[in-house]
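Let's start with one chain on its own, the form predicted alone, as structure tokens.
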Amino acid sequence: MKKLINDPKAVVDESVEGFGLAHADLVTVHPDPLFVSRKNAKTGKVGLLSGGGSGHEPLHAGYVGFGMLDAAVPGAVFTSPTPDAIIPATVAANSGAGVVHIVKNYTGDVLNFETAAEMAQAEGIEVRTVLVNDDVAVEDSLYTAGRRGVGGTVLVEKIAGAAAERGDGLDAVAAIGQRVNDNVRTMGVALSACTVPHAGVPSFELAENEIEIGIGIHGEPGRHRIPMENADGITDRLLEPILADLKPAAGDKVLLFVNGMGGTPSSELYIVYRHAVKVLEAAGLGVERSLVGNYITALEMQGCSISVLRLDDEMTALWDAPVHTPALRWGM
């Protein structure tokens, strides 16, 4: 294992400390218990909180800031944060209008955020939860009951964050987040495994000529393992189950999100995006918005995911709304 780390047990703490130093104008790092909060959030706004295991950077702390999250809770690598950190992060995100928890559908995340929400509500903070489960690859995987939450999480956080920023109420922000989740589907592929620092060995094995279709962001098994093929063929394999499940109608407008898993160069992601646009347009869909890059990763895994979000006018306007976070910014 070759990684730019010191002690494998200190990776998350040291990484988040460095993140806070690099973005001190936008965020505050709270070391014990560990969470990240937004600086200069306006009072009376619905707060947004998300979190999950580390190793998926820039998710989630990279999206703390104007137009997205008010706080984020990083757990250990690929491990849910615990309620003792989620509760103070909920308090920090609350400015009097309640807090929406955006939770990826993994068993540990669901249970721990649920416990924290109950305790926060007992202290007088209204909490709503949006459960993200956009992965069409498998149900009831090693980590979940039901579908996994993957790339669609970024889109939920951006659009719900914009709704909160414009002054929507607690139930309305949760509803727009749920609407995004209901209209987005994702499928991923791994070309190689990643290595969790404290484990020191790859999380799974792929032969030199093999790829895993439908991989999860923790390296969970997907639908099937096949021989390596070219980018267009892989793109077709990812889009087919997405479109079959989403069932868009000709004339629908969509956002196309091609996400890198951490070890894939942007040049390759744009090759995937190029063919995906052709496939969607051939199906009669209008690709109105795009996002390409490493936005929800699995350490250094090589591969990508494709997300397709069916847009309406409100979601498009909220996507276009200004955002200023360490990892996503426009319109400011």
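One rule holds for the numbers: they count along the sequence shown, beginning at 1. Small disclaimer: the values here were computed from a predicted structure and weren't measured.
The following text describes the form predicted together with another copy of the chain, which does not appear among the structures shown.
Asks: Go through 108, 221, 146, 262 and name the one with a heavy atom inside 4.5 Å of another copy of the chain in the predicted bound form.
Replies: Comparing distances to another copy of the chain in the predicted bound form, the residue within 4.5 Å is 262.
Asks: Should the three residues 28, 96 and 319 be counted as contacting another copy of the chain in the predicted bound form, with contact defined as a heavy atom within 4.5 Å for each?
Replies: Judged in the predicted bound form, none of 28, 96 and 319 sits within 4.5 Å of another copy of the chain.
Asks: Can you tell me if residue 23 lies within 4.5 angstroms of another copy of the chain in the predicted bound form, counting non-hydrogen atoms only?
Replies: Output for residue 23 is yes: heavy atoms within 4.5 Å of another copy of the chain.
Asks: Under a 4.5 Å heavy atom criterion, is residue 228 part of the interface with another copy of the chain in the predicted bound form?
Replies: Yes, contact at 4.5 Å.
Asks: Does residue 17 make contact with another copy of the chain in the predicted bound form, using a 4.5 Å heavy atom cut-off?
Replies: Yes, residue 17 is a contact residue.
Asks: Decide whether residue 125 counts as a contact residue for another copy of the chain in the predicted bound form under a heavy atom distance cut-off of 4.5 Å.
Replies: Heavy-atom contact with another copy of the chain at 4.5 Å: absent for residue 125.
Asks: Given the stretches 29-37, 65-73, 44-52, 265-273, which is the single one in contact with another copy of the chain in the predicted bound form, using a heavy atom cutoff of 4.5 Å?
Replies: Of the options, only 265-273 has residues within 4.5 Å of the partner.
Asks: So which bits of 301-332 sit within 4.5 Å of another copy of the chain in the predicted bound form, heavy atoms only?
Replies: Contacts from 301-332: 302, 303, 304, 329, 330, 331, 332.
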